[in-house]
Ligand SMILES: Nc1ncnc2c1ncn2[C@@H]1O[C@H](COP(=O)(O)OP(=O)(O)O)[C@@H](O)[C@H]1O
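A single chain, nothing else alongside it, follows as structure tokens in the form predicted alone.
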């Protein structure tokens, strides 16, 4: 990318006592990019955000926000970002409008035009009708949306989100996803931590996986999938359960032309042919189709499957990874004339 990174991290480290929580972290996030940092509880995600937002001083290493050094020039760096933490920071005894007006004054935004800007944000988050209601009467989802609206009041170049949709209903999560997608298109850089891997898979341009403070993998979803070719497969759902003799015969036949491990999932009634190399996809699929045709195999669907972000995460963050047993969806119906 030609533009300078909005977030640049070099050998960032945080040690508490004898425990290294973030271990020589290197990463870059560019304008208009959404970067999702994934990891188990205690992996170092929140500590990383706390350092990047100047709440926590690093033990060693450097970082910059929008070109400003976060250690030697923290005030300039802070002027370029906004942060939404896991905990909702709102005054329960104030109304939605009063909360945002208070935030605008903290940011030092000009008084003229502040009211109009606040109402625009309330409208964007479907909260305009509740502008004069007290926050104590808001649902958790509404409070979370108001927190993000407050963070966006000063149009930050970088937005840090630490578990922004935790505990929210599907409708609220979907609304937040739509807003974040729009912010990306406007050039806002978003740094996200989340335990919802579906969320990261839908939103993230790139993903980083942190384990015990170390960044062990990074890239687009497709980049990470490319490291797990053995987890790509072709699945055949049977119309009826095969007899023991049919099962042995089918497994033997499939293993003759398969380029990877062949298994049968009795619970889901699915044959799965793992692909050791993506180049073998079309060849294996053609052989499977021939097997179905010549043997008159009764099936209800054939589909190809590639690892989800959850499977990628588990594979890259744990030492031993079993072949995925999940059913790909949706399967493509295949009709067979008898």
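Owing to the predicted nature of the structure, the values given are computational and were not obtained by experimental measurement. Residue numbers count along the first chain shown, from 1.
One more form of this protein, predicted in complex with this ligand, exists but is not displayed; see below.
The candidate site formed by 93, 99 and 101 is entirely out of contact with this ligand in the predicted bound form, as no residue has a non-hydrogen atom within 4.5 angstroms of it. Of the heavy atoms in residue 280, none are within 4.5 Å of this ligand in the predicted bound form. Put simply, residue 21 is close to this ligand in the predicted bound form: some heavy atom of it is within 4.5 Å. Of the heavy atoms in residue 270, none are within 4.5 Å of this ligand in the predicted bound form. Contact between residue 60 and this ligand in the predicted bound form is not found at the 4.5 Å heavy atom cutoff. Listed residues 43, 66, 275, 27 were compared with this ligand in the predicted bound form; 43 is the one with a heavy atom within 4.5 Å.
Partner proximity in the predicted bound form, defined as non-hydrogen atoms within 4.5 angstroms of this ligand, places exactly one of 289 to 297, 66 to 74, 27 to 35, 44 to 52 at the interface: 44 to 52.
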